[in-house]
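Two forms of a single protein chain come next, each set out by itself as structure tokens; they are called structure 1 and structure 2.
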Structure 1
């Protein structure tokens, strides 16, 4: 029962962070979280330790817990690491992917393209399709280690959910880069796939930085 309660608290607190309801720098109080999650403070404490290990949460000198506040240097490193790992995954996938997975990648990217083609981009669908696309590439790489490593690096940079502030050009470019990656995978060219993914992640980093600058200004 205790483990189940800790899982409930973990999912709830993590959701608060990823949704932006608990933005970077927010203090996380055990009593308030326990009330919100409908559990005692012990599973909340266990959940916070787990989130601390995953770098969603940081502890200060007085052992108070806060939502991690990523600085520019942190984000640059995270995207650099993500770029290296996903580029490696793309190169592996180029040598292993089958026709069914390629067809699904094309279908998912078509859905992503449709999400950004309307008068007002559908950011929720864009995020879902984008994640699914990258998950499919990782799965095609057939490495048991890659999903666990990337889980930390991919979600941390989107804590503030700045995709809603991306310009149409950035959204459309993402779809175009996905399409080129599918072509590289279909050609079974690992170096082409590696290069496309490397450029895709670096472009995503600069789009994220720009969106992060715009988001606070619009909030005011």
Structure 2
């Protein structure tokens, strides 16, 4: 752990943004956040710098901080970049992954499969297992830049909204795609892995577009 108070502040502010409690455009005042987290302004500033680097917050010319408006962004572009990078990671992982990592991937995906198997899918468990699965693939790619790059590209609110609009068959298909990716990795076939991941992200994109169409983003 890097520190104590700074991490508390980071987690707290990040939570505020991801939970939607601080919607895009919200003004973030250091003192306010400091008192909310029960720490001083110094660790809050630290946290804001990190969040700024991750594009969770943006600063007005006069260095005033606001919650970034990711909804205004070009989602097609965001998914295209993410698909490209994650597909690359999958291809790279196919050439480097070891048996223990493969076993963990299978275990995580089994958990994911159980979460979506019942009559009422457990979305929270799905999201957690999904995140873990993708993180494991990234780790297996063994490229120190990849985690940092993807951190800029994967917006958890988008993943969440996408998953919440998945029907059970879509959730199961997601699990099946993960399973196929595991097979591709086990076969050490980079192009197979790349193809599966590309389709996986692309499907998520269309699911998100569908979700946005049904429930327009923050209708005004």
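Since we're looking at a predicted model, the values are computed, not measured. Positions refer to the first chain, counted from 1. Take the two forms, find the largest set of C-alpha atoms that superpose within 1.5 Å, and that set is the rigid core.
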Next item on the list: Look at both copies of the chain and name the one that is the form predicted alone.
Entry: 1
Margin query: Superposing on the rigid core, is the Cα displacement of residue 205 between structure 1 and structure 2 2 Å or more?
Written below: no
Note to self: Once the core is superposed between structure 1 and structure 2, does residue 187 show a C-alpha displacement of at least 2 Å?
What the structure shows: no
Check: For residue 173, is the CA shift between structure 1 and structure 2 at least 2 Å following rigid-core superposition?
Finding: no
Notebook entry, point to check: Hey, core superposed, how many Å does residue 58 shift at the CA between structure 1 and structure 2?
Noted result: 5.0
